[in-house]
Every structure is written in structure tokens, then in C-alpha cells.
Ligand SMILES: Cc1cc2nc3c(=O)[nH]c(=O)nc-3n(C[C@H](O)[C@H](O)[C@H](O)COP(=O)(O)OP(=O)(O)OC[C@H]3O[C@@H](n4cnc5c(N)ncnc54)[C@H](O)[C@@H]3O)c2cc1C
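Take a look at this single chain in C-alpha cells; it is the form predicted alone.
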Amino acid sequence: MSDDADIIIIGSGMGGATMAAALAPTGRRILILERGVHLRPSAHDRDDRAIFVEGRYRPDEHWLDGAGEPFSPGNYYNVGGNSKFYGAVLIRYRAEDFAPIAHIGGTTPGWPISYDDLEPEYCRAEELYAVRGQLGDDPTEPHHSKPYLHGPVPDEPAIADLRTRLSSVGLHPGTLPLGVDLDRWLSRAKTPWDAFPDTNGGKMDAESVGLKTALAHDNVKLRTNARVVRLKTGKKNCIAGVELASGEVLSARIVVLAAGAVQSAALLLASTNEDQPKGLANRSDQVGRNFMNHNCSAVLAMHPLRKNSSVYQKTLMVNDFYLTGGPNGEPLGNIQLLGKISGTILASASSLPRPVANWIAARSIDVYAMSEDLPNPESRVTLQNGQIKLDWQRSNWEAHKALVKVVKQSLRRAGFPVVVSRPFDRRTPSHQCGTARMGHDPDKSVVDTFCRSHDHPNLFIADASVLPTSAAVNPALTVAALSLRAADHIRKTDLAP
């Protein structure tokens, strides 16, 4: 079988798109396979009812939870992957996240690489995705060898007031690093971007940046409606074939799997053969294991006499409790703003009558409390009669409850007498990671420190599957940085003259 490309990339989300952008200048034939299609402008893309109540953009798909009950996951299948709906937070893991840390719920294993090993790629990823930020206001900010090239997205008046109030009670509110072209986003409609689909390029997402950069090269091609169902091995245990749902089999010298932590694990587990009865890349029996979500809650703070006129709101974070705050100094997590909720969103997520929800939404500051979920081999993705089963064994919940408590206390001290919270649904995967963990030991991990499979020399995994820990911040920038690092390795080793 002649190769259909030099490099096949499965998935067009943050990992796959960044990999394509990095490898495009090599001139090698790159084929990106995306199971979904392009999002196009429509009457629904800024309609909160269509998005959050009617679920128009959610796929017609069900997974099984740990009890075997079906649920609709929070995944999206389209060009650009989940990044088309992300909150555009492009933040680095803190330097401490790469080492073992004692949490209330246990101790993290650390990474096989350090923050310093990845720091140059963090800089490159920030430049590629035009991250807007500001250094110097966050006490946990790790070393940056280069400053942000773009200034921060401005606070709206109510958020500027919140920043002052939080500072007055001894906290250190920081600027949230964002990948947003604010003028372009708002030119279509005056809405938040968090969880809204990007159809006009206002967000710096995998399609508007990564794929756009890659597809500017004639040697890069994108195929949509191309769902991969199986990988096949050949000589020297290399990946010899990529089988599509149509039955077509494609081949390439290098295969990059970047379908997301759940789907990448499911594809490897589905690709069994006589020599690999547990699936591919799974000598360690770690594929699908150590699934992590973040522990998250929405916290609404309100003063009945003050309205919040913010449109997008999401520009501020607080990391005072990121590295400490527990009873013995354990980390609690990250605090950042949500996109501004509407009465429609609030009413759909609660039993509140619409007029009451509208009244609250007009006055609330909407906060996202996020704590680290620890790796657990029994928290895992498996297949049951071909269907994905996601048994998330949530961990470190006591730390999250402590974080929510301190958030509420801080907001009340800052002048918000009414503060309520609600945890996010445990069955919904957000910031999913960990199912093909990185490590030095092939018997305990799935990929090496350059994201190459220990078992298959021409297979790389370039999504959040490889993250050994979830940390307590959004993973998109770390996924992009790891993809750039892996791409450098591929250029030096597999594509060298």
C-alpha cells in the first residue's frame, strides 16, 4: 500500500491543529482527518436559548457512566474541536504543577519533564495564538522568558470594580490570559464568548489560528466527515493503516492521534488485534486509565442594589489559593470569571422562574471555582459493546469544597451579601485529560516525553490524553505547547534529511 500522506493527524482540535501548523513548513504531505464539519454562521450561534437550552450544537451521541446509565457528553465534533466553544483561556500550568504536590485528597505523581523544559514552547504557543495578557499581578505566575506580545482584554466597569474590591480584602486578582480578538468577536453580536461557538474568527481557537496557519501551505489538506474507527499495525509494530467508518484505509509514515482524551483512548482500545488484545499502545494497561476532569462549581455573587452591565465579563482570575489554603497548607485551586450568564441560561440550569432568573442575572458576578482532580487508574474510559463508558472517579473533592467556601467568604467580605454556588454535573467531561499518560517507563505510561508511543514508533499522541496531572487551570495552552515540542522532535528525528 502506498502512503496517502507523509503525516496523518487524527483530530483538528488544539493538539492536532497546532501540530499541523508546526509541521506544515517541512513541506511534507500532511492530511488532517476530522470527523465533524465546519461551523458556519447561523441564526443560532449567538442565541443563548439555542445553545444552552435546546442544545443545537451538541452531538447526537450518548456514553455510559460508571453505573452503565447513558448520558449526553459535553463533547463537540467539528473543525477545531472543543476549542470552538472554549472560554479562550490560554494560561500556563504553574511551575509547581510539574512536581509532586500533596493535596487534601492525595499526592500527585509529578511530570517526567519540568516547567523549564516546556517554557520555550509556552512562549511559542502564546505567540501563535496571539494571547492577550499581563505579567506581574499574579503571585503564582511562573517565569516567562518573553512577555506577552498583546495587552490584556480590558475589564468592563463592573469587573474593574470587582478587582478593586478583591484587592481591598487582601487578595491578588490577576489578568486572565485570553485568546480573543475582542472587536471581531463583538462585531457579530454583543455576547460572551465562553461556551459560545466561534463562527467569525473572534476567538483564537484551533481552527481560526492553528488550522488557518497550516492550511496556508499547499502540502496540508483537511478532510471533514472522516471518522476514524480503527488503527492497524504492520511491520516493526508501526501503525500501517488508519481505517475510516466508510471502510477506506489510509496510510502514512507518521500518525498523530489528537482526538481528545476520551476519543483517543476509545480508538486505541477499539484497535485490538491478535498481538494486542487490550488495544494499541497499551502494553502498560494504562490506555483509558487515570481519566481526570477538573472539580468545578459556578459561584454567583450579587448585591441587590448593584447591576452588572458586563457583556463578556471573563477577564479576571485569583490564584491566592492555588498553592495553599488547605488545613495543612494544601492547594485549593483556581478562581476565574465565567462568561456572563443570562436569565435564559440561569433558568435552564435551575428551577427559578424566568423573571426571577432575569433579575438575578442582571445583578450577579459569575465565578468559576476550579480544583485539581488527581489521577486514579480506576477512573477510566472503557468500551462496552462498542460504546464508550466513562467511569469518572472524582477525587480531591474536599479541597474543592474548601475552595468554594473560601470563595464565598471572600466575595461576601468584598461587598456581595448574597453568594450561592452549584457544582458542575460530574458526568460532563470538561478539561478531560490523562488517559494516555506521559512517562519514562513503558510499563507505567503510554507515551514518552515527546508524546511518542512506547509501543509504536510512528505513533504520536498530541492531545490532553498525555497529561500526567490535571493541575487546576485550563489545559489548552499546555496541549498546544506539548504539540509544538513533539513537532520539533518529529522534525529532528523522523523528518531529518
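Start at 1 with the first residue shown and count on from there. All of these numbers come straight from a predicted model, not from anything done at the bench.
Beyond what is shown, the protein has a form predicted together with the named molecule; the following relates to that form.
Novice: Counting only non-hydrogen atoms and a 4.5 Å threshold, tell me whether M14, E34 and Q263 all contact the named molecule in the model of the complex.
Specialist: All three within 4.5 Å in the model of the complex.
Novice: Looking at Y322, Y312, F85, W111, which is the one with a non-hydrogen atom within 4.5 Å of the named molecule in the model of the complex?
Specialist: After the contact test, the surviving option is F85.
Novice: By the heavy atom within 4.5 Å rule, which residue out of A349, I101, L182, A195 makes contact with the named molecule in the model of the complex?
Specialist: The residue in contact is A195.
Novice: I need the one stretch from 327 to 335, 371 to 379, 220 to 228, 409 to 417 whose residues put non-hydrogen atoms within 4.5 angstroms of the named molecule in the model of the complex.
Specialist: Residues of 220 to 228 come within 4.5 Å of the partner.
Novice: Although the named molecule is absent from this view, report whether V446 comes within 4.5 Å of it in the model of the complex, heavy atoms only.
Specialist: It does not: once the named molecule is placed as it appears in the model of the complex, V446 has no heavy atom within 4.5 Å of it.
Novice: Is there any non-hydrogen atom of G81 lying within 4.5 Å of the named molecule in the model of the complex?
Specialist: Heavy-atom contact with the named molecule at 4.5 Å: present for G81.
Novice: Is there a heavy atom of S430 lying 4.5 Å or less from a heavy atom of the named molecule in the model of the complex?
Specialist: Judged by the heavy-atom cut-off of 4.5 Å, S430 is in contact with the named molecule in the model of the complex.
Novice: Indicate whether L482 is a 4.5 Å heavy atom neighbour of the named molecule in the model of the complex.
Specialist: Residue-level check for L482: no, no contact with the named molecule.
Novice: Within 467 to 481, which residues come within 4.5 Å of the named molecule in the model of the complex, counting heavy atoms only?
Specialist: Stretch hits, in order: N474, P475, A476, L477, V479.
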